[in-house]
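In the structure tokens that follow, a single protein chain appears in two forms: structure 1, then structure 2.
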Structure 1
């Protein structure tokens, strides 16, 4: 019989991991830098017939028999590039977003455990419900919009203006990687939606700052003592030693989820002590219950209710309810809020014509998660 509506404006509340990992030195050094030539030169002294002879230095290959310092040749090998790196999620919880949030992010660390500076080519993949759960949360086939990878190459916190790839990341260095995303309203994200994603890092050639080098290839089948080879030893990714590492994280939409119910009952009539009838002179009680089943508080909740036209708005048609109040507004089981239906919005309640409004801009109502707002008023059937 009575129509009603509600609106809830809730603020986006971005909850992110606050861990900020800057340059981190590992306990174990990555070792001698790739490309270093390790030289060795033996020197032999000897006597002949008790007469000391000029020393002879060594040489590779056929050796050296020419006496004298400088006549030998070093025996050399070149330290190879032990390609080893890790990509890891920071924390074990999804980033909480509300519908409409922009530039929310999930955080990873990228560590170069190798013995040479590297670039890292990075990409991100949206996961689906068929993929394995991330942080125990299955993807709900919802995607964040406008995903952007940003790497804090200098060791700082990534910002939107940073490069989308690892650039000249020195050995034994950890950098922070953010994947930014927007919780696009158009995508219809609702409370509880989960958008999982997978970040991929592929090792690439370093050498030129602010330029992503070509993907590195493993030289394991091309051994050469005189040249620096790339030897992939990293353990994760798609396969062992493939030069790719993967890590997963996700976003979860956690807004306020309001449900509203309204119940009408006759609580008195002029003739009966019980089993009241909706007859002229009877009192009808309306109970509107707003429940927040979401994970965030619903702020600025406003309830509007239009009283049926069959109950004309004659003076006093809303009965006094609690001491001096026309409408009972009880939030989370607390004391009733002041509410006089006199058209004055200062107390948060107005009655204009047949329309009741509870929760006006001057007296905002906030409904906490897992609590309810109960609005009760009574009318007299003329």
Structure 2
């Protein structure tokens, strides 16, 4: 009978071994680095009639029938790019600024959780009061001026000279993203104003230092290919991503919040014991009240007031009425401050021509939050 005899020693013995070669592979927490070539070569050894035969190595496609080491060809596939990253606010509170501050900043962290270095295109949007509250604070539709994005390394003081995008961010790496802004006084920012913003990070192609690559495209719905492909999975869970992550933060203005009122009352006239009238010879008392409704003290407060030209300061201005003081200056309900209205600013008060000034560089006045400064003086109607 022709052919193999499956009895006794005529049994052909076959053994198979497989060798896996991982070339230039780097393993991080996110997995094998994208672009890594995974090479596989199977080697078949066998006996015929108890005689060991020359091994045969595998090959892709039509395979390999030629015996011998080196006659086969490795089967290769390339690890695809698993795009995964997070963008998060640092802390849970707004950055406090005062009107006129420059280069104030909020911080975010950008973490590349994928398996390849990436660039990230960064942009920032100022929010409106109709947007969801940030850190429980609703936007007051007040914006910061001169917004700038800078990506640093999270160490020390942020540097305005850093790049405005994520450049060659390696896998398993976290960087700090700063958004700088100015609380421009021209914008009229006052105590309690809130400026919320939203930072956006879009994954981009890496490869050239100090150059922002093009935005990546997701290949998840494309037919599989042997080349490296991009698969967006950012956003957590099993949901596929869109290559964009958002995070929000904001600024809150802390200031003095001053309210200033001035009232005039007729306190005496030459003919009436009550219900005084503003007639020639009557005395009028002015009361200027500065109330600080803000969260910070108002420092170096100075009040300038001009007596109307129809009431000449001399002799119209009444001197020494307030326990020997020309002007009553009471800060936060305390004892009256010295105030002689003359040309000498040493006590913080001057009267030059028709112009009264209270609070001079040599005698600064500070009005604390939730307190008031009350200034009172009298004039005689000629």
Partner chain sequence: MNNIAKFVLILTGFSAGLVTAQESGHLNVRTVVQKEEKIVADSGETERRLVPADTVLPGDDVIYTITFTNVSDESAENVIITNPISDDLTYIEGSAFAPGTLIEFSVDGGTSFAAAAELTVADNGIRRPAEAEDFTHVRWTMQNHLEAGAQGMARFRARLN
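Residue numbers count along the first chain shown, from 1. No experiment lies behind these values; they were computed from the predicted model shown. Between two forms, the rigid core is the largest collection of C-alphas that superpose within 1.5 Å.
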Given structures 1 and 2, which represents the form predicted together with the partner chain? 1
Post core alignment: residue 141 C-alpha displaced by 2 Å or more between the two structures: no
Residue 286: CA shift of at least 2 Å between the two structures after core fit? yes
Is_shifted residue 334 between the two structures (CA, 2 Å cut-off, rigid core): yes
Shift in Å of the C-alpha at residue 375 between the two structures after core superposition: 8.5
